[in-house]
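Read on for two forms of one protein chain; each stands alone as structure tokens, with the labels structure 1 and structure 2.
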Structure 1
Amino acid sequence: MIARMEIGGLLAARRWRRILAALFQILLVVGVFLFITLPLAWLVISSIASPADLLSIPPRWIPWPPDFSNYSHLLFGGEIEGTTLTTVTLRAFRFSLRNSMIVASGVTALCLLFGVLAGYAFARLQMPLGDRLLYLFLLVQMVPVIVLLIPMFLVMSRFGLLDRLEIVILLLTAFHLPFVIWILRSYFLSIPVDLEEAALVDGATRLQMLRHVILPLAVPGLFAAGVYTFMQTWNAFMIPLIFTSSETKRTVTVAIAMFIGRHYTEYGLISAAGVLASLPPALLAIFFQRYLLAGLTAGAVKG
């Protein structure tokens, strides 16, 4: 009888431990979810709240009626009463959306073009120094951008290359290309070599094999590298800030910073601009999430 009671007590204790562990996991997941989503929720709330709602104490968590005038001013222009912002600053934001799309698309295209060629070479060909050269390239990712800004600025200023989107594209490509090569090399290593050997036996050249055999199989890796590069380039701030100066050449991250005035800050406009600026990378990550995860985890074991 005593033994049965002890066994029942042990089973009850184990049951309570499982219940407490499950509750702890649920609370942890809820805490992480709130930690991630609450700032985004407040960003959206601030973008549709009036200035009086933003400054009210206690704050109004759900402004009613919602005020979409911030989005109207950013997308279609118009004078804003009671602010020091000019129509030039608002027009610059519309230019910045176009500029960010041009820069992000250009950097992504260049990184994928050179990344495919270099990644395949490091994965399949006998390169001088082997992987040591790849690790040397990765050192570029470890160097803080701020360390290189002054010498790069002096060089570009000397040759009259400032305030040009092409220079911003080339500089950002140089910074992101090493990691893109690393991702694509890892993915190429996960593709069986037998497929390439069969294509070579059939008379295909290296470039034909890369185009018709390897690249169709490497679509998830290409999407992973492309989405990563696009998001990193879209969020870049220091290089566009230093190497562009005119209102029509700034990117969206720099244009949002221009909304901060000397005596007054338009928090509603900044929030609305932040929502608009976050839509392209967020939608890109949502639609291509499957390819992104498959590409990033492809080389986790091999290579």
Structure 2
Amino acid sequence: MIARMEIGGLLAARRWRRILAALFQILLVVGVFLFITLPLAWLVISSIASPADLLSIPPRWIPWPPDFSNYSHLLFGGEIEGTTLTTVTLRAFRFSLRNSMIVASGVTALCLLFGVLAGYAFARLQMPLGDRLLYLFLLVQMVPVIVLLIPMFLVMSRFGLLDRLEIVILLLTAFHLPFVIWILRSYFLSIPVDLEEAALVDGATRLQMLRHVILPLAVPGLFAAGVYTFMQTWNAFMIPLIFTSSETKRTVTVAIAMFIGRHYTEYGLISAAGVLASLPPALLAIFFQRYLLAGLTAGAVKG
């Protein structure tokens, strides 16, 4: 209050500064926005460019008229002679979005559930081996999956567990859990301990406290960890490839790889497929982002 009164006389100057600051902020945001979207714009342009536009020198930045045939092929199918685009390939792409959604959501849910428990334990409780156990966990995740595929395939095959999305979910969870634990532990560490202390003194159990005190405060961290897991899983390639086989179980990464042919790759189609494949997660993220922001502001006001 005192500070405000002191600069009261410079109100006009302050207003100017505020406007300038707002403009500067918008400029910075535009910078970030361009960083993200410029390469993506090229992807979108490639997906709607006609064959001639795709090959024009210098590039035609706005392909006109836009050619949506890549999208219609992907969504409505049909075989195109002289390309990899057999009916089988195109049909598989449509299933794949659903499968990836199931797998990514499942892994995210499991990783968050187990990750919250273990992450909290590592952040706050005394563990048998302490941090060394955490590094051991991490070592597991860091062994490149390529050398584990063959023994894992043997096990799954012996138990008759091939070609099931559930197995893909479990395997990916096991692979990504260590790092999710790390992420969540870090966010838990940044939450002040006194809140818990109060709850403990009040006689709450650990789990009750985790649920009612810690989790609400850790929402941004949970969100970040969730996004990380979802994205990693959405992008997983080798495990879905090796452990599923029927076309109704194929995930989107594998389906897109099918457009890379023996000799020819259809850039327009791959671009369109890339755009379509990133739409569902992007929409999810935008939806949650808005929700999260609203929730946080509400919480901050009340807090």
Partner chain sequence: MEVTIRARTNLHLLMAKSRTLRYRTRLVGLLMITPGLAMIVSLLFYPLFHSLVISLYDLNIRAPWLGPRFVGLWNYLQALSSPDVQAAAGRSLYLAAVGIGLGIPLSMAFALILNRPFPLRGLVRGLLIVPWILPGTVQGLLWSRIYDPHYGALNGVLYQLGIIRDYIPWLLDPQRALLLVALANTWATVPMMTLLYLAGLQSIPEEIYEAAQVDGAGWWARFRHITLPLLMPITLINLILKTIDALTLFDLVYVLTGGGPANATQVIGYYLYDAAFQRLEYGYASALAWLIALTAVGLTVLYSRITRPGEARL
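Here the rigid core means the biggest group of C-alpha atoms that line up within 1.5 Å when the two forms are laid on top of each other. Quick caveat: nothing in here was measured; it's all calculated off a predicted structure. Every residue number counts along structure 1's sequence, beginning with 1.
Engineer: Quick one, which of these two is the form predicted on its own?
Structural biologist: Looking at both copies of the chain, structure 1 is the one that matches the description.
Engineer: Does the C-alpha of residue 241 move 2 Å or more between structure 1 and structure 2 once the rigid core is lined up?
Structural biologist: Superposed on the core, residue 241 moves its C-alpha less than 2 Å between structure 1 and structure 2.
Engineer: Verify the C-alpha shift of residue 273 between structure 1 and structure 2: is it 2 Å or more after superposing the core?
Structural biologist: No, its C-alpha moves less than 2 Å.
Engineer: Answer yes if the Cα of residue 253 shifts by 2 angstroms or more between structure 1 and structure 2 on a rigid-core superposition, and no otherwise.
Structural biologist: No, shifts by less than 2 Å.
Engineer: Align on the rigid core first, then pass along the CA displacement of residue 58 between structure 1 and structure 2 in angstrom.
Structural biologist: Shift of residue 58 at C-alpha, rigid core superposed: 7.0 Å.
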